[in-house]
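As structure tokens, one chain now follows by itself in the form predicted alone.
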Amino acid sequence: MIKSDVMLRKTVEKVVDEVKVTDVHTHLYAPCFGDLLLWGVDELVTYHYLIAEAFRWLDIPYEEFWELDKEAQSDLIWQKLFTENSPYSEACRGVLTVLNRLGLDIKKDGLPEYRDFFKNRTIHEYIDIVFDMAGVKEVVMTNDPFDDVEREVWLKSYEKDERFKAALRIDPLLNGGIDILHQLRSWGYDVEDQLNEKTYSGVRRFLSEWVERMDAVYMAVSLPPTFDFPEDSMRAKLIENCVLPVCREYNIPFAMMIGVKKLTNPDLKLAGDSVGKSNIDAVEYLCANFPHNKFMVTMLAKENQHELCVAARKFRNLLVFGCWWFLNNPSLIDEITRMRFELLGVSVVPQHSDARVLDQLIYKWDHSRKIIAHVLYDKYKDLMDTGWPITEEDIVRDVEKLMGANFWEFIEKEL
């Protein structure tokens, strides 16, 4: 039995720090995908979060920046964000957390030294280092069969690594328009230029084959703030007639990441996306009208978080997960995690890394664990103040659910 506040805080921090995490959504790749798996200091510094931030200071034309090689881009960003200004934004602090945890000397002129450190590592060795340092047991990738490079690996040279689980990403199918049907037809799927039962059958075959090929744990899509359902659109019809039936057949969730405004500033490329408030009615409609389908949902706008929590209270087929992208900041993670715990108890996945660079697993989980532990301490303290007994076993049980077990139970359960 835990009897004091000091003992409670130490126990919560220890349990959260030691638990092995299932990272339910990343943009990482198994080593067999070669250069698609990004790692190293220059990838960290040229991550699109930092590119957008650097252009607050850069006065060169966008096209001139994109013509630079990776090291030159990194040098420029480092100069603006780390040398000429204090790097206390979350994206900059994340880079420094990684370097510090790797045992490197943190200094303003350190880029050449950091590059030397990574040149002496192999990717297989470094994956082991990062997973161990981040306390990550396994990650879920983002796998796009419409990407030519990735597709070739799946078809010809894929080698399974149990630490890297697959998720079938279908943004081009749901957001790409009629041309995507031409692509499917060129691959041998029997689809027409209009949506009819023949086309739906061909799309379902495509989805089924890729779910099986990848052994996908869920199907996923990033959606704009304008996403609505039901509606008279190609996207809504494909979801109803293809995506949901295949997800139901294979008993996998449909994961929706809602609220991305693509290329608000196209000159910034991947760094040019923005955020918008979305309509929770579409989520509620899907959960209510497809009760035997499972839905994983995260929303990008802070303003949507309360409604999403309330919706999850009403539907057992809805799993809320993560604070991603523009929400991946300590003050917002703290606020949103508190809200979720207060409305949904232990039945959420409080965080995923959304990592695009392997090294980011270190800082994103290092920073998030501290926040989650802080919020959990407050919640357990509230319980203790009512006279409810708390044991270390209770805390271990809850934390294991939050950091992985909830996800796997949701994946496996039948509705």
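We number the residues from 1 along the sequence you see. All values derive from a computational prediction rather than experimental measurement.
What comes next is about the form predicted together with D-fructuronic acid (FIX), which is not displayed.
In the predicted bound form, D-fructuronic acid (FIX) sits beyond 4.5 Å of every heavy atom of residue 367. Although the partner is absent here, residue 47 sits close enough that one of its heavy atoms falls within 4.5 Å of D-fructuronic acid (FIX) in the predicted bound form.
Within 4.5 Å of some heavy atom of D-fructuronic acid (FIX) in the predicted bound form lies at least one heavy atom of residue 324. Remark: residue 340 does not count among the residues lining D-fructuronic acid (FIX) in the predicted bound form, judged by a heavy atom distance of 4.5 Å or less.
None of 305, 222, 97, 317 but one reaches within 4.5 angstroms of D-fructuronic acid (FIX) in the predicted bound form through a heavy atom, and that residue is 222. Segments offered: 33-41, 369-377, 386-394, 48-56. Contacting D-fructuronic acid (FIX) in the predicted bound form at heavy atom distances within 4.5 Å is 48-56. Applying a 4.5 Å heavy atom cutoff to D-fructuronic acid (FIX) in the predicted bound form picks out 354, 356 from 354-375, in order along the sequence.
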